[in-house]
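Have a look below at one chain only, the form predicted alone, in C-alpha cells format.
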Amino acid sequence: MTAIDEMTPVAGSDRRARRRQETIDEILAIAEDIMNTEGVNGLSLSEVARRLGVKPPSIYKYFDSLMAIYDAHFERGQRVHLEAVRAAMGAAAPGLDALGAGLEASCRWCLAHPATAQLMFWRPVPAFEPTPEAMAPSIEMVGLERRALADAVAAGQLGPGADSDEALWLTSIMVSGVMGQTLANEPSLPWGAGRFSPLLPKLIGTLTALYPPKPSRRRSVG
C-alpha cells in the first residue's frame, strides 16, 4: 500500500466531517432566518427541511429533535456573544469602564441578532431547556462581569457590596430592561439612538449610588 493509499481513508473521513459540519452550519443559519421572520416559536423541522431542499426525516441525520436545533443555536449564539463581550471588556480599563463596555457590546450584539437574543436571554419556547454545555459560555460571561465589579471595588470606584450576587442581578435587570424595551419598541434604530439604548450608561452610573465607594482618607498636615 502506498503512502497515498494509506492517507485516503483519513482524507475521505475529513471530507465527510467537513460536509457534515457545513450542513449543520446551513441548518443553523436557516433556523436563525426562520426565527427572525416567523418568531422564535415559528421554528419547525418541516420548514427547515423545506428551505434546505430535503425531506424532514433527513434532518434527523444531524439533529434528533427540534429542541436539539434550539440547543445548538443557543450554544453557538452564547459563544459568539461571549467573544464580543470579552473583546470589548479587554479593550477597556478594568472596573466600571470594562463593565460598561461589555454591557454595551452585549446589547449591540443582541440588537443585531434579535431572535437569537430572545432564545438566549428570555423564555420564548417554554419547552426548551438548554443543556449544561450550551449554558457554559453564559456562565463564563457572568464571571467576566463579576470580575469587572471586583476590579471596580478594588479601584475604589464602587463600595465593597458591589462584588456580590445582588450587584450582578441588578446589572442583569438593567441590561435586560434596556434591551427588552429597545427590541420591543425601536428594533430598527441603531444602538445609541431612540429613547431606550442611550439610557444604559446612566443606569450603570446608578451603581455608584447603590454601592457608594468608601471616602478616601486624607492625611492631615501640620
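For clarity, every value in this text was computed on a predicted model and none was experimentally measured. Throughout, we count residues from 1 along the sequence that is shown.
The following text describes the form predicted together with a further copy of the same chain, which does not appear among the structures shown.
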- Which of these residues, S176, S46, S58, S65, gets a heavy atom within 4.5 Å of a further copy of the same chain in the predicted complex? S176
- Query: Does F128 make contact with a further copy of the same chain in the predicted complex, using a 4.5 Å heavy atom cut-off?
  - Reply: no
- Task: Please check if F196 has a heavy atom lying within 4.5 Å of any heavy atom of a further copy of the same chain in the predicted complex.
- Result: yes
- Contact of D33 with a further copy of the same chain in the predicted complex (heavy atom, 4.5 Å): no
- Task: Evaluate V153 for contact with a further copy of the same chain in the predicted complex, applying a 4.5 angstroms cut-off between non-hydrogen atoms, and reply yes or no.
- Result: no
- Query: Counting only non-hydrogen atoms, which stretch in 117-125, 88-96, 103-111, 74-82 is within 4.5 Å of a further copy of the same chain in the predicted complex?
  - Reply: 117-125
- Contact set, 166-187 vs a further copy of the same chain in the predicted complex - heavy atom within 4.5 angstroms: E166, W169, L170, S172, I173, M174, S176, G177, V178, G180, Q181, A184
